[in-house]
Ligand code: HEC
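A single chain, nothing else alongside it, follows as structure tokens in the form predicted alone.
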């Protein structure tokens, strides 16, 4: 019995020691977990503090999407935006080059305008007509362009507002009543022979019945705008004095209005349809510190810090709306007799503006490939690397690999050593190094600029029909 009691006592002591050891382990684990959580919380807090300071220093605030128009105005603008009736040959709408579901652009480096072999088709399904040229510049995306912060439009800012006045290619012919650069911008694609108006050949083609391309209207912007309004006057859905879209929006039929009314309505539609302020980044700016992931925050800190992306992509719009030469590869038909595109220089005539183009905003940038003024890069990482080392990127640029539109563009690539040297050595960006982990974080931040459920939201802006009865563009074969 004594032996049994001794064994019991020994077992009891052993169990007590084991339980005590387990208790210590639990306490230690709990303490370590708490310490880990504290460190994690502290690290997150430090990251937010650093990012908040960067945003404040760069004057980044929640975006104002712009004034809200009436539903009637937006409905009119939507119809006009998707209606090919605004093109001379009735085969090209504004939506052709700014199709909602492909990022409000067209996925092409250089677009295909009027005279197409495949009317009603967009993006890679749209074929250039015989004896036509590509549009010399990439179709800009339309996200958040209705914000009152925008003071310019087009890659060369040939439309701009300053001190209450508006400058544009129309000069004194620009009608009064246009209050935003976005509305002014809508006045001009319809006057471009390559984009929408058509050519003298189209005018003399009896099948096309293109009165807009009448050579008597060359250089006569008001004449072109009036001819377009005459077309709209003949369409009941627009001009019916009881329930036509113009009457509902303006209280007037088209014959009593100028084309500026159409431009104003299209700008109202674009502001409503393509203005988003709920991306993870936007929600973070509104105060939700959990809206972005840790990697996205690290990428933002790189963007506003070490990599100095915000030097040009600054402020709430993520662009300073200024013009820079970033050594973009040259190809395509160009904008003058040299076959080159000299950018802002063609507006100002200032030699220091050669090859300079306006900085684009970056909202929803993951949706808007290809990138740069001529769509030279389809990969977001490639265009970032170009900014970080222009010389290396330009020297190694492969137009066959980058320009998926084929030899029609790649064969026009300008590899003249003098041009390449000027692009490189007059470039406004300086070489920077980036680690692979930093690139990953920066790309994550780019993802944070994309609005949620964006595909479905953009698709919902496409109408099933337009008042002219012409086919609405489709993204399929």
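Residue numbers count along the first chain shown, from 1. Quantities reported herein were computed from a predicted structural model and do not represent experimental measurements.
Another form, the form predicted together with heme C (HEC), is not on view; read the next lines as being about it.
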**Message:** With the partner left out here, check for me: in the predicted bound form, does some heavy atom of residue 390 sit within 4.5 Å of heme C (HEC)?
**Reply:** no
**Message:** Taking any heavy atom pair closer than or equal to 4.5 Å as contact, tell me whether residue 113 reaches heme C (HEC) in the predicted bound form.
**Reply:** yes
**Message:** Taking heme C (HEC) as it sits in the predicted bound form, is residue 93 near enough to touch it, meaning that at least one heavy atom pair lies within 4.5 angstroms?
**Reply:** yes
**Message:** When the contact criterion is heavy atoms within 4.5 Å, does residue 383 count as touching heme C (HEC) in the predicted bound form?
**Reply:** yes
**Prompt:** Hey, of 241-249, 280-288, 218-226, 142-150, which bit sits against heme C (HEC) in the predicted bound form at 4.5 Å between non-hydrogen atoms?
**Reply:** 142-150
**Selected contact from 203, 397, 345, 155, since only one has a non-hydrogen atom within 4.5 angstroms of heme C (HEC) in the predicted bound form** = 155
**Message:** Using a 4.5 Å heavy atom cut-off, which residue among 271, 185, 107, 89 comes into contact with heme C (HEC) in the predicted bound form?
**Reply:** 185
**Prompt:** Hey, which residues along 353-372 are within 4.5 angstroms of heme C (HEC) in the predicted bound form, non-hydrogen atoms only?
**Reply:** 357, 358, 359, 360, 362, 365, 368, 371, 372
